[in-house]
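Presented below, as structure tokens, is a lone chain in the form predicted on its own.
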Amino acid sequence: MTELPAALSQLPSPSSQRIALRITSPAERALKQGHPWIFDQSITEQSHEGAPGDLAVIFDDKRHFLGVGLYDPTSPIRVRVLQKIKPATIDTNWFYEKIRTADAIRAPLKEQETNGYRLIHGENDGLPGLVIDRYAETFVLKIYSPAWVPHLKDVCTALQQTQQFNRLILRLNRSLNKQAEYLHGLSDGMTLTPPTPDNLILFKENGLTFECDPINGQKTGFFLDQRENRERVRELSKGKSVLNVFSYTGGFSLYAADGGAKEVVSVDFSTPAAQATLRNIKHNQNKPNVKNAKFETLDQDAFEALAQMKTSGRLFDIVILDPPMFAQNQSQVEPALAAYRRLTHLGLDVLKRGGILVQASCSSRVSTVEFFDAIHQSARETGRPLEEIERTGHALDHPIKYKEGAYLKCLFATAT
């Protein structure tokens, strides 16, 4: 078992004195229905102030236990709920059971030549504000609240007891990076287990080899949530020309090629992402279809690239549109929908008659209904109505246990 570093043993422990809370009736109903957050404005009574990571116990008006969670005075999400209905001791054993349960759900992936997946999907695996991703023998633990800092030793010890890994890397979300006073020496990208890994880690996904940069890459180094949609593209790509827009490091591109695509064009504004795509192609030269496919990478703005392809009359059998998050708050929903409609229009402009459009959204603020309606509206306005093949959502390792947790949606459709 890999030894955990001294940095974890030096972290503060949560206070032994629990914070007692009472909350509004709507918040109580939401909690009972499975919502994992208690917002600051929902608290009606509080016994005393606390530090990030102290345990807060929620009671109803009759002093019956409702739940216990991590207190965070720095966030409008004041409590991240860990345990409901029945009281429990939040310690290494409690985290062990949560991780073991999550691991059992992912068991089928290990039989699919896959060792890159999400082991803990935050709130949806009962650990709100914490994510653990696996990339072969490297695990990446990402936290979204300083409330997790006092519990990291227990979490990491429990992880050791359930998983075998060579390296454990800590990632911090953007806002947490600015809260140094609560980090106690922890930093984004630090290696929690020696030795420090090479920047690029190789892992398997459905038999294909990909690299990721778990220290500097987006998210934890790779977009694991699209694995099942990539597999669907592989099944559709034989003999096809494929355009992958917002390609990042070429996930959809490699799957299309392995499925027998004759030509694959990858477009991403990031030059490093385009370079990573080329390396991923090299990692899979043992695959005959990948070796024989014609690849092209363009480090260019997606909207500009699509407009230029229309002007030049370039057409494809499959067009994949997988943009980054367009709406980070409610005020951005309408501009996001406009952007999705514009993308649909531009994508159809370079899609052959009878071709397949694959369009995804990772914006949780944009509802499933709004997203699919926007695509169909744009397609009709373009004169290319769509016939749906399939609507997809979250993969096995990204389960959804509460309404606001849903973010990923994708449409597969043919265009007239």
Ligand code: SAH
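Residues carry their position along the shown sequence, with the first being 1. Predicted model, so just to flag it, every value in this text is computed and none were measured.
Only in words, not in the display: the form predicted in complex with this ligand, which the text now covers.
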Query - Candidate stretches 102 to 110, 242 to 250, 186 to 194, 284 to 292 - the one whose heavy atoms come within 4.5 Å of this ligand in the predicted complex - result: 242 to 250
Query raised in the report: For D322, is any heavy atom within 4.5 Å of this ligand in the predicted complex, or not?
Result: yes
Query raised in the report: Is F165 one of the residues lying within 4.5 Å of this ligand in the predicted complex, judged by heavy atom distances?
Result: no
Requested in this report: Examine Q300 and determine whether its closest non-hydrogen atom to this ligand in the predicted complex is within 4.5 angstroms.
Outcome: yes
Query - Touches this ligand in the predicted complex: F223 (any heavy atom, 4.5 Å) - result: yes
Query raised in the report: Pick from H121, R78, R230, K142: which residue has any heavy atom within 4.5 angstroms of this ligand in the predicted complex?
Result: R230
**Report entry** Sole residue of N93, N177, N216, S270 within 4.5 Å of this ligand in the predicted complex, by heavy atom
**Finding:** S270
